[in-house]
Structures are given as structure tokens and as C-alpha cells.
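Here's a solo chain for you in C-alpha cells, the form predicted on its own.
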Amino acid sequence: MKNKKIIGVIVAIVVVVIGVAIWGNQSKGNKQSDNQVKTVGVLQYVTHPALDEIYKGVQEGLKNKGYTEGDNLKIVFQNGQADQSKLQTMSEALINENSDVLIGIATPAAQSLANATSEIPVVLGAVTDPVGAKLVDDEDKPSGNVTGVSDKTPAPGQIDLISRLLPNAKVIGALYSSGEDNSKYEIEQLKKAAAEKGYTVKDYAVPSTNEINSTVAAMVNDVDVIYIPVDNTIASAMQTVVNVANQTKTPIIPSVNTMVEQGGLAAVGIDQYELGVKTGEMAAAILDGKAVKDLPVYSFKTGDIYINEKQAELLGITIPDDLKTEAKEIYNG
């Protein structure tokens, strides 16, 4: 009888030990699953300060939501350098990396990723017109595998800025790339806003950076101010635009804060870093299990004012004090 009791106790202890071991292994497995390294593939269209800032913001946005490189995150970065054939090859390479989420920085990169897969979630970083670019059918209700962040800027705000800074301006020269759908969309929005305020807008579309110098040299004789939308081709040659425009002291109103810093007079635009942060946070939400259909395309409701005071001095333009007060940032160097 005594032996039976001893045997019973031993059996009970063995059962407990086995149970604890099984529970420990399950917990360990769950913990490993929770800390599983996620892969994010990033395709950037071309190198220039605005898109570079977006990529930095993407990294910060992911980190804000608990995803850190070297810990639980692997970022595979590719830069197409404005070569469409490279974009296609790089898109396929990012898919072959078993990316959990793909991020396309600028419209051509996002389009390439979306064309390459209908299964892996694609997050747009800086796409002005997602519907027009055929990336989503409805910005509020994405139905496929694509959502993200739009960088569209408020055209009425740009016209208001021009009227406050350049009260004598009447003709606006719109400089943009003929190959970028996002630029065409923004120019159409600008024309509508300009017409309501009595401005004339003249188009100056260039097929590549090779024609920018000659185009700007011609347009400065016929316009009072140069307007540049969110355009990757023009942005990559911003210094050329500034150098030519400065010869006739023609002011430039871009749509991106980094282009103001490079020599634009002022802009009502979206902070590119903050845009990247929002893109990264949206990607993190998908990594956390949120469905694309539950993530509407995000658009900034208002833009911020950026002013280049040094450029204003060079052009002989006085910045109104109230505009300085409203500015998010004033560049002096």
C-alpha cells in the first residue's frame, strides 16, 4: 500500500514536470514567433534630398511602432535611379526576399511594385494621385493589396502664397516632367486654383533632365514666377533650375520643403520626413496584422509654409512679417 502511494506521488511529479516542460516550450515558441524578424522591401525611384528624407522617415516610423533593424526588422533597400528597367528587376528581387511588406517611394516605384505582385501588401510613399496612377480604385476603400500616403499639396495654398509674396505676379510658369503622372495631376489642380484668382499658367513640360537648362532659360523671359510640383525629375536637377532662374532673378515656388532649402523662394508643402514617418507607421500596422482594406490612403489636410530668407534677399523680395510667423521653417543658409 505504501509502495503504491510512493509510485502515485512519483507519477504525479513526472506529469507535472512534463507539463511544465511542454508549457515552457510552447511559451518559448510563442515568444520566438512574437519576435520573428519581419522583412520590409523598399524601392526608391531615384536619389534626391526629398525622397532620401522620406526613406529616413520610413525607418523612423517603423521604429516608432516597435520595429527596429537588427532586432526584429530587416529592411532591404533598392534604388532604381530613374531607370524603369531597373525598377522592374528590383521589384522582383524584393519579392524574392520574401518581404512581408513592400514600400514604393514615389509613383514609378510604387507602380512597379504593384505591377509585380497582387499578394504582398504595397505601401505608397509619396504618390500624389493614387487613383490616377491606377494604384487604387478608391482612396478611402482600398480593395486590392495597395494603400499608403499621398503627397498631394493644396494648390489654393500655393496660389495664396504667390499672391502674398509676389503681389505683382500675373503669369506662372509650370515646370514639370511630361513623364510623371503625379506632376500632371498637380498642374491641373494649380490651373484651377490659379484661374479663380485671375492668374495665367503656362506649361513647360520636359521629357528628361537634359532639357531643363534650355527650358528654364526660355521660360524666365515669359513668366513672373516658376512653379514646380512634386516632381522627381525636376527635383533631381533643382540646382540647375535655381542657377538659371537666378540669372534673371525669377523666383521659384516649389512644393517640397527640401527644394526650398536648395534655392526655392518658398512653398506650401508637406514635410518629406514626416511623410516618410507616416508611411513607415502604416507599414508597421500591416506587419501587426492589419488588413490593407482597413487602411485608407492617407492625405495631409494642410501644408506647411517654408521660406528661404537668403534666397529672398538675393531676389530683392521682402518677406511679410505675418508670413514669417506662420512659417514652419525659415532657411537662412
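A quick note: this is a predicted structure, and the numbers were derived from the prediction, not measured. We number the residues from 1 along the sequence you see.
The discussion below concerns the form predicted together with a small molecule, not included here.
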Inset, instruction - Heavy atom within 4.5 Å of the small molecule in the model of the complex: which of I286, L43, L51, L265 fits that? Just give me the one. - result: L51
Legend entry - Interface residue in the model of the complex among L190, M259, A114, V216, criterion: non-hydrogen atom within 4.5 angstroms of the small molecule: M259
Inset, instruction - Give a yes/no on whether N308 approaches the small molecule to within 4.5 Å in the model of the complex, heavy atoms considered. - result: no
Inset, instruction - May I ask you to check whether V123 falls inside a 4.5 Å heavy atom distance of the small molecule in the model of the complex? - result: no
Legend entry - Contact test in the model of the complex: L102 vs the small molecule, heavy atoms, 4.5 Å: no
Inset, instruction - Indicate whether N232 is a 4.5 Å heavy atom neighbour of the small molecule in the model of the complex. - result: yes
Inset, instruction - Can you check 74-82, 138-146, 196-204, 105-113 and let me know which stretch has heavy atoms within 4.5 Å of the small molecule in the model of the complex? - result: 105-113
